[in-house]
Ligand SMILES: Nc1ncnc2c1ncn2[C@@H]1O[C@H](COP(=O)(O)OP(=O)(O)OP(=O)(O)O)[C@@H](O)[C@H]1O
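One chain comes next, on its own, written out as structure tokens in the form predicted on its own.
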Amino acid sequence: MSIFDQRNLRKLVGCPDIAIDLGTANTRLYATGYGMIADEPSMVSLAQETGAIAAVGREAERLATFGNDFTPVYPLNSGVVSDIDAAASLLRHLLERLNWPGILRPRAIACVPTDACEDERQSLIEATQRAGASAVFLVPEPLAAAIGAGLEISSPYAQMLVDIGDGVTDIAVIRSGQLVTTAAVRTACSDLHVAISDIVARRYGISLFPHEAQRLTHRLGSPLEMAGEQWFFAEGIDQNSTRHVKLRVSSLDLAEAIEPVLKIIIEAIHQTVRDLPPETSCEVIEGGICLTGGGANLRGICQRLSLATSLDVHTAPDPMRAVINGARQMLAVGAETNLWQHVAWQ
């Protein structure tokens, strides 16, 4: 069947196209004609006895938290697919919510970090095709985020976006619909959570529950100056008694833990700004920096980055969903221009 015939058949049967934001912490899927079909943790739960898939997403998270007979598997690490089988299983189970009869297989736009190597890009393509997509077109995450954030990417003036996700901080300068400068560092929100968990384990002898480390990260934020010592309550498991306990954690300990991680992220952004050509730098100064991703919700992060770069820093509307919202808008363009004509089909 020719591409022209297939496009007509897709219109006739209403075959959906899919936008995919497969992130380290969360996976979001949008389907034309269906809307948002998934916004779930990027997680698969395996039955320990058989090794079979027991659940994915939110249900997998619940089983891992309250059941001892299940093994959690995380398909992504540092923003890229690290377990193709698990990633394919996650996507396949989420796509089954479409209840699509299968006359044609859906096409997909999938978002990828700008620093992903060829093997990492191919892993994402393979996982998506094994999940049921007939063709996969990859788009850079910060480009999708810029569209989802409402930036006018077709503008002839350079605009800068920083997407602080769970596994990667992706930085891009966009002009006339093109990425003119990109930089990425595999340090992001998950590293902040790990740093907090580690210091609580060392100084308090308590293994924090994962959601507690995330909550403490957002309570603390990115403090420029602490107004004296503050105390936060948290819950975890006592490493000696293995009992569920509650404890008070010092804000000074938490600030000490996350500071090295924040410095890596801040220096990556600062270095990118410093390396801009003079003309581009002037345009970025005019527009400032737009923040997206979960890290954009950290308390005080805009002020911290503004101090480091001497630029205005603002958070996009709905920053955590900027990538999927941008990819969703790209689907309409893809349907008209047939983005998938130059990619491999299955």
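One rule holds for the numbers: they count along the sequence shown, beginning at 1. Keep in mind that what you see is a predicted model, and the values were worked out from it rather than measured.
The same protein has a further form, the form predicted in complex with the ligand, not shown here; the description that follows concerns it.
Novice: Looking at 274-282, 45-53, 304-312, 290-298, which stretch has residues with any non-hydrogen atom within 4.5 Å of the ligand in the model of the complex?
Specialist: Of the stretches listed, the one contacting the partner is 290-298.
Novice: With a 4.5 Å heavy atom cut-off, would you call Ala316 a contact of the ligand in the model of the complex?
Specialist: Contact check for Ala316: no, nothing within 4.5 Å of the ligand in the model of the complex.
Novice: Examine Thr181 and determine whether its closest non-hydrogen atom to the ligand in the model of the complex is within 4.5 angstroms.
Specialist: Because no heavy atom of Thr181 falls inside 4.5 Å of the ligand in the model of the complex, the answer is no.
Novice: State yes or no: in the model of the complex, is some non-hydrogen atom of Glu212 no more than 4.5 angstroms from a non-hydrogen atom of the ligand?
Specialist: Flag for Glu212 set to no.
Novice: Is Pro142 a contact residue for the ligand in the model of the complex, using a 4.5 Å heavy atom cut-off?
Specialist: No, Pro142 sits far enough from the ligand in the model of the complex that none of its heavy atoms falls within 4.5 Å.
Novice: Identify, from the list His244, His218, Lys263, Arg97, the residue with a heavy atom within 4.5 Å of the ligand in the model of the complex.
Specialist: Selected option: His218.
Novice: Considering non-hydrogen atoms and a 4.5 Å limit, which listed residue (Gly148, Gly167, Gly236, Pro75) is close to the ligand in the model of the complex?
Specialist: By the 4.5 Å criterion, the partner-contacting residue is Gly167.
Novice: Taking Arg28, Gly79 and His193 together, does each of them reach the ligand in the model of the complex with some heavy atom inside 4.5 Å?
Specialist: The answer is yes; Arg28, Gly79 and His193 each reach the ligand.
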